[in-house]
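One chain comes next, on its own, written as structure tokens: the form predicted alone.
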Amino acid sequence: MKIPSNKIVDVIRYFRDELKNSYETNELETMMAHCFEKFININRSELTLRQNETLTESELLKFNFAIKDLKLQKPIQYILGTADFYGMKFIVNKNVLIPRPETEELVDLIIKEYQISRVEFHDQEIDIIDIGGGSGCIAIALKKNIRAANVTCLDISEQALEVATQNAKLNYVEINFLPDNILQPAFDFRLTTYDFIVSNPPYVCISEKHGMQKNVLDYEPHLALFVEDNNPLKFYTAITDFAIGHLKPRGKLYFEINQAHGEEVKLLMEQKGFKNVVLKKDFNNKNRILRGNI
């Protein structure tokens, strides 16, 4: 079954009828508004006034495909090809995770702590590395808001780095992209140190798959999501060890974490010699962010 006519009013009616059993009303209305804005450049406030206008066949086809994909629980961000993060637009596809609001909180913490302590840097350039950068959302948001930063974004996936490179251009920032595996680095880091090291590594245990939503499990890259049950802290251990050798004096390490392992990662950092290790909750009151300094 397809949209019965080219009129916007019929597109709206079909969109709602086909998806009303799959999504909450507010979510459905928001997704529909995003589609109209993306596909035919009509914003939400204009829809009511323009309901009797007609779409071209190619525009109508876009809505048919979008509705079909939404029925299959494909994330709207992948359908539209973009996601919002920290006030910016980011290209997203199957090779990168969709940026999350809790990751915005991590970025916001780093920016605010830099602003508070910037006098210590005497307005000189600072060095930041984002390990496992994916779409580049963390690295790019930090560079956009900390102009004095030289930012490196490391990821094992060259496909992800291709997306991140596009996002840097889209948001008019320069980032140093580095294809590498933090578990077995090939790059020579011996003379490289950083003021801030940040990472949102894979942290979902494979055993947690059964409790995950279909739109995440079926569409987002498993390489960026999952870690083995028998070694859930392997990325945190490797990155903490890396940070010990590559943070400047008073440098800080920031993690986004699996709420189930917050206390374990905190203890790991403390046992490795990090000071002032703080475990912070996100807007859902879940343990989500860790910060400590060397």
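Start at 1 with the first residue shown and count on from there. This structure is a prediction, so every number in the text was calculated from the model and none was measured.
The form predicted in complex with a small molecule is left out here; the points below concern that form.
You can rule out all but one of 150-158, 193-201, 84-92, 118-126: in the predicted complex, only 193-201 has residues with a heavy atom within 4.5 Å of the small molecule. Not one of 10, 42 and 47 comes within 4.5 Å of the small molecule in the predicted complex, counting any heavy atom. A single residue from the set 169, 209, 71, 100 has any heavy atom within 4.5 angstroms of the small molecule in the predicted complex; that residue is 100.
Out of the listed residues 268, 31, 67, 225, 225 is the one that sits within 4.5 Å of the small molecule in the predicted complex by at least one heavy atom. In the predicted complex, no heavy atom of residue 183 sits within 4.5 Å of the small molecule. Under a 4.5 angstroms non-hydrogen atom cutoff, the small molecule in the predicted complex has residue 216 among its neighbouring residues.
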